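The chain below stands alone, shown as structure tokens; this is the form predicted alone.
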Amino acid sequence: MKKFLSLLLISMMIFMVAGCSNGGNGGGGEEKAETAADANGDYHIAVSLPFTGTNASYAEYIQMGLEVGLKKLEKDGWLNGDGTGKIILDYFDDKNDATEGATIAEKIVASSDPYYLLEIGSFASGVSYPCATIYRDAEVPQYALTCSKSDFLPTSGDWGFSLSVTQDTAAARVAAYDIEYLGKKNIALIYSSDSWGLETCKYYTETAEKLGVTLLASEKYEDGQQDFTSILTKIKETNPELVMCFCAENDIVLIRQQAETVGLECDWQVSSKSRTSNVLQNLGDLGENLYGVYARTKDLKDPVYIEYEELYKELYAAKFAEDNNTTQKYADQGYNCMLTTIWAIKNGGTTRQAFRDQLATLKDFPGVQGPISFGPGRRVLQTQYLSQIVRNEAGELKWVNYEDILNTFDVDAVAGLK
């Protein structure tokens, strides 16, 4: 009997040690010590985007970019170069709703079949940010590629990443361009009433005041709003030189159209969120002289871009033509996100922890719009240029980046970011 009890005790101790060595991951299912791949050697990634709702157009483009990245990987023979080691994307519709996003996040971290190496998304900071603590506590990498909320990265612990410049930097840069480079002193502001809009308003206003400018008006609008005439009429009474709009691409089209109706004539500026080919196309002549802020101009002769564009046209020829024969910026970000994800996995990121550790070392990665690096605190390092819709010699309206400005105008110094 004593011998039996001794053997039983030894067996229990071995079981307990083995259980500890597997290590919990905070989510559903135990992560394998060597890899997060399934029995076929494939890696599963969850993607949460607003495929329905007001931001559905952004989700569509991001998905397109992700799929182009997968097409490149497939042509390269998948992860192992021999047709094995696939990446499988499972898409979830968070409807641009924080509650729905959190429900999806809980489902993702609890899933053991499939077991997700990481999560990509959402589009809006107002959805990605509330999910950050869920992924952080479960120790699941969250690649919120377009999240620009300033405290997203700190809130996510070590587990969050984004390819977007945070709003404390981006909004301050826009204010510096508007006030000190363009010389605008009489400025009105229109912004969306979501978390992104509230934050951009805050940092733009603070920087403007540091530069000696008090805004003439600061007007917010609700998600899905169609009628802006009362806001625009109120702003018209202040006689602004420039109206700065922190809004979605569909909203700026309505705002500019209705500004014509009420007779509001001034210069207009949008943030990078609306510096898109859709805005150029949908505004038509009303878009001429509209200012925006953008990353580096795509080098159409860059081999990285050439390969991307060829694959993009192969998969989405009609969309490419519809967008004036160019790739759309949020598709570009989706592509960059997928390529950097592939890079991290290929370089040892085959478990959640290893993936997080590897992605955090990203430096000078050849992206569609130049090198991508993560700096201290995993902040993406990216220059932003003043941009404008101008009419070329052929009479066509095009977005143009004024990249030479930074040779003489240090926007970060002016914005107080240095």
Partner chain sequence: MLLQILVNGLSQGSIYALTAIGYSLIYSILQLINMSNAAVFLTSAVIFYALYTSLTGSSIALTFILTLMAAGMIGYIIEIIAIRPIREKGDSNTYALISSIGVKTILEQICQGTFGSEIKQFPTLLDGKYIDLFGARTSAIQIIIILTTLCILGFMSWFTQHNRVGRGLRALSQNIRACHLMGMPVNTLIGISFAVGSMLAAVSGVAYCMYLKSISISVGSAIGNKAFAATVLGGIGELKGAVVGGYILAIAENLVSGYWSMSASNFISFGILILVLIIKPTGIFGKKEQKKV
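Bear in mind that the values here come from a model prediction, so they are computed numbers and not experimental data. Residue numbers count along the first chain shown, from 1.
Below, we refer to the form predicted together with the partner chain, which is not included among the displayed structures.
Visitor: Considering Gln358, Gln382, Thr54, Thr350, which brings a non-hydrogen atom within 4.5 Å of the partner chain in the predicted complex?
Guide: It is Thr54 that has a heavy atom within 4.5 Å of the partner.
Visitor: Among Asn80, Asn239, Thr297, Ser230, which has any heavy atom within 4.5 Å of the partner chain in the predicted complex?
Guide: So the residue touching the partner chain in the predicted complex, by this definition, is Ser230.
Visitor: Of 179 to 187, 206 to 214, 157 to 165, 257 to 265, which is the one stretch near the partner chain in the predicted complex, taking non-hydrogen atoms within 4.5 angstroms as near?
Guide: That would be 257 to 265.
Visitor: With the partner left out here, check for me: in the predicted complex, does some heavy atom of Asp285 sit within 4.5 Å of the partner chain?
Guide: Because no heavy atom of Asp285 falls inside 4.5 Å of the partner chain in the predicted complex, the answer is no.
Visitor: Flag Lys346 as yes or no: does it have a non-hydrogen atom within 4.5 angstroms of any non-hydrogen atom of the partner chain in the predicted complex?
Guide: No - in the predicted complex, heavy atoms of Lys346 and the partner chain never come within 4.5 Å of each other.
Visitor: Taking heavy atoms only, is Thr326 within 4.5 angstroms of the partner chain in the predicted complex?
Guide: No - in the predicted complex, heavy atoms of Thr326 and the partner chain never come within 4.5 Å of each other.
Visitor: Please determine whether Gly224 contacts the partner chain in the predicted complex, using a 4.5 Å cut-off between heavy atoms.
Guide: Gly224: yes, in contact with the partner chain in the predicted complex.
Visitor: Every residue in Thr35, His44 and Lys71 with a non-hydrogen atom within 4.5 Å of the partner chain in the predicted complex?
Guide: Verified in the predicted complex; spot residues all out of contact, no.
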